[in-house]
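Take a look at this single chain in structure tokens; it is the form predicted alone.
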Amino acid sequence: MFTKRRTVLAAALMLGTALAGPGAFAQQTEVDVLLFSMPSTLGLQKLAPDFEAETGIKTNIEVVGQDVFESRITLSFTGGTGDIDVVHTPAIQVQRWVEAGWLAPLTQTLSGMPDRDDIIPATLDSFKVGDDHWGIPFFAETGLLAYRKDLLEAAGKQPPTTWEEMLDVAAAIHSPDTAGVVMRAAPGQGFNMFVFPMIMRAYGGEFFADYPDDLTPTFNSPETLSALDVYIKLLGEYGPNGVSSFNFPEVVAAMQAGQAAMTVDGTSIVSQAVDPQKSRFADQIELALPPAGPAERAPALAVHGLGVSASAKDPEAAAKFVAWATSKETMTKLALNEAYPDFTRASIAEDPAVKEKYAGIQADFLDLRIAALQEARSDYRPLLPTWPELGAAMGENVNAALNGMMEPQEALDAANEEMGYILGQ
């Protein structure tokens, strides 16, 4: 029977080919995708057959380390080789890549997506340059507060909702065994300058006079000085020993080992504090929205998306892949299949199966995350080609003030001057 079925199938295929004519042997459309390694991108690689089944377009997804990724895109983009059609696009790189002519606009693709309104606005606007969108968000991390509920209860304190309350709580629970608070302090645009703007913006501080129209630096404003005073007091008086050199690995380790009672950081960091397989105090740590200030609550925001290379062989096919990869259906599959709570569509947090999966972190974890993203600003870190240099300059001076090497106002003045120099002012 097997032989007979195979013969019938072969005959059918031959008949189909004959009817189709010479075009039957036309090459299948292919899309080459380059991503750097994250649970979500590795998960997307596994789903590539789904896209081919839906569209007939073959997708070659390569997932590499970030260092390799940087080298590959530089060679491909500058050479215009066309070997990358879809590229992993961090929001902080968009301005530089657009300025260099490396990306194709996705405004038309976005307007054709039936559920575009489901994309969280701050994540989507992170890819807007001028009147066009140059990427569609795929991953978003935001800021949350993690705190030891047992220590707060013992001190008779409620979780802090403002930075002033954070100071008060830190003072009440700080001890030789457990520091009141730990935060990133090592200098760098993705290190202390990922967390400090949560305080700066809360107090009304801005990087520029009127971003993006007037880029006159205003980092030395009274509002930013108030924020820096809070940051220095939190870590200088209530932080663990050596905190001025702490980056995210040290922050995670301090929370997991019970060496610190509170932190404010990105979701990927705070969620590790409540991981029972890694944290000794997971059952005593709760998550909440980050503290607010006199001006606003300003959760941190780090967004990654997918963009289409300007040298893509078939821009239409590449755009179809981006729309599929960032769709609700694909993101929901990833949220269920992988460690991927960082989706950029609000409605996925309401999916019962998704809610059940991530309830182990905390019952309202997904709701907190969406609430923080809804309050986040797309320009949390200004979307400028020179942001890496600007962030480094600010980060070094903020760290110098924390270490007592400069007075806070002196540090802000120095950073402001360096920012102007970087911007050619």
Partner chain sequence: MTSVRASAAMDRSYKLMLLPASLAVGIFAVAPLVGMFVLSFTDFHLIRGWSGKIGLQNFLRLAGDARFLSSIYVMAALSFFGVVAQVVIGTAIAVGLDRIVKSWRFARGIFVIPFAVPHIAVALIWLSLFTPTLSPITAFFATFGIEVPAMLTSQTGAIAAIVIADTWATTPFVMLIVLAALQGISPDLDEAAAMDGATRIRSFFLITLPLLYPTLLMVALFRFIETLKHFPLIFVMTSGGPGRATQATNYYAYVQTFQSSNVAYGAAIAVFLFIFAGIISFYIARSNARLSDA
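What you are looking at is a predicted structure, and each value in this text was computed from that prediction instead of being measured. Numbering follows the first chain given and starts at 1.
Another form, the form predicted together with its partner chain, is not on view; read the next lines as being about it.
*Asks:* Answer yes or no: in the model of the complex, does its partner chain come within 4.5 Å of a heavy atom in every one of R96, E250 and M405?
*Replies:* Every residue of the spot touches its partner chain in the model of the complex.
*Asks:* Could you confirm whether A100 comes within 4.5 Å of its partner chain in the model of the complex, counting heavy atoms only?
*Replies:* Taking the distances in the model of the complex, the answer for A100 is yes, it comes within 4.5 Å of its partner chain.
*Asks:* My question is simply whether E54 lines the interface with its partner chain in the model of the complex - judged by any non-hydrogen atom within 4.5 Å.
*Replies:* No - in the model of the complex, heavy atoms of E54 and its partner chain never come within 4.5 Å of each other.
*Asks:* Within 4.5 Å, heavy atoms only: does G242 come near its partner chain in the model of the complex?
*Replies:* Output for G242 is yes: heavy atoms within 4.5 Å of its partner chain.
*Asks:* Does its partner chain come within 4.5 Å of any heavy atom of N337 in the model of the complex?
*Replies:* Judged by the heavy-atom cut-off of 4.5 Å, N337 is well away from its partner chain in the model of the complex.
*Asks:* At 4.5 Å between heavy atoms, only one of the stretches 252-260, 194-202, 142-150, 105-113 reaches its partner chain in the model of the complex; which one is it?
*Replies:* So the stretch in question is 252-260.
*Asks:* Please identify the residue among E375, D379, D32, E396 with any heavy atom within 4.5 Å of its partner chain in the model of the complex.
*Replies:* Selected residue: E396.
*Asks:* With its partner chain left out of view, which of A317, A312, I119, A186 would have a heavy atom within 4.5 Å of it in the model of the complex?
*Replies:* Among A317, A312, I119, A186, a heavy atom within 4.5 Å of its partner chain in the model of the complex occurs only for A186.
*Asks:* Which of the residues spanning 363-395 lie within 4.5 Å of its partner chain in the model of the complex, based on heavy atoms?
*Replies:* Counting only heavy atoms within 4.5 Å of its partner chain in the model of the complex, the contacting residues of 363-395 are P388, E389, A392, A393.
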